[in-house]
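Next up: a single chain in structure tokens, the form predicted alone.
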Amino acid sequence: MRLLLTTSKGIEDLARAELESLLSNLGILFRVEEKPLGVEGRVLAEVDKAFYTDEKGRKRELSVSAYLNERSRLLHRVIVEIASERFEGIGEEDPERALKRLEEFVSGLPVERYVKTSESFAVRSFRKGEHRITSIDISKTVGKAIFERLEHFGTPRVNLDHPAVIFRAELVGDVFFLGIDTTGDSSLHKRPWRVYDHPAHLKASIANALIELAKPDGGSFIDPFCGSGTIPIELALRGYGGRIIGLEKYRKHLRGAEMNALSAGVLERIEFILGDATRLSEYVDSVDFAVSNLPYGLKIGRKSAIPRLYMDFFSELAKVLEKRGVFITTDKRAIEKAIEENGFDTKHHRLIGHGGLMVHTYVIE
């Protein structure tokens, strides 16, 4: 079985490592590939069947897709791949010709293996890149091809609102994927514990990627701009044994973070503090790890205030940080100046896709 797994751009290597760890626990043969056909934000896993023993001692097949949906912290979707193909030049083609190529391709696929005639289905599409066709065009065309093929085996049932089976059609650049979306209509990064939304909250998948980059080993951990609490909550949900602190300047967001932590069942594991990160040393004498989504752009209101904010914050951080910090921002110049002038070394830098932007991510010591 081939599984197409989606995640944020820039963390494919971390998602791959997580996948390899999870699949190793099943004791099955597998192969994992980052960026299949060169598509960013995608990981491909080829896996053997997995089995478990039930309470009566009987051998049962385990759904690997369900297992990953339940346990992954870095993935957005788990899709059972039916087929993938590169369509050279599809972006520049006349819409009618482009859709005809997709229709002919899908018409030749054994989609009947994935949906029973008694089950309803729908097509959800995703398109990224320069094309003369829309995602709605793709949904209609792929849906038509699937419907007409299924008619050879019975009477297909379409249910756009509550389908039993979701076909996912993705056109990214000139690469087309078709598969069965086992995750459903809500991406895995939309955590059920989130009852309060910060206006610029971090995706839970990216929060976990930052935690992976920090490699906390049980020491004290702080998010000095914790907002609605995504990073400390996700760390607590991982069973982290060290002290976890969330510092937030605005009471409204701090209360929201506490609500989220309560919803997640980890409120007692996190110390939430109302305070200003530019006076960090007033709240903690020392901390081993600091991880945060720094204010930038719309989050701060006045972009001109960012350089001073970063300089003041990293000056305070230098007084208390013992091991490692991980921070993301769009303001490359301001953070690099603040890091350098306050005596930190940048150990790693990467770009991560977040909210339609590629944000700079720094690991410092």
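Nothing here was measured: the structure is a model prediction, and the numbers come from that model. From 1 onward, residues are counted along the sequence shown.
One more form of this protein, predicted together with a small molecule, exists but is not displayed; see below.
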Within 4.5 Å, heavy atoms only: does residue 201 come near the small molecule in the model of the complex? yes
Can any non-hydrogen atom of residue 250 be found within 4.5 angstroms of the small molecule in the model of the complex? yes
ask   = Taking the shortest heavy atom distance, is residue 163 within 4.5 Å of the small molecule in the model of the complex?
value = no
ask   = Closest heavy atom of residue 208 to the small molecule in the model of the complex, within 4.5 Å or not?
value = no
Only one of 145 to 153, 235 to 243, 276 to 284, 181 to 189 sits within 4.5 Å of the small molecule in the model of the complex by heavy atom distance, namely 276 to 284
Contact with the small molecule in the model of the complex, heavy atom within 4.5 Å, among 106, 75, 79, 294 goes to 294
Contact with the small molecule in the model of the complex, heavy atom within 4.5 Å, among 309, 339, 26, 47 goes to 309
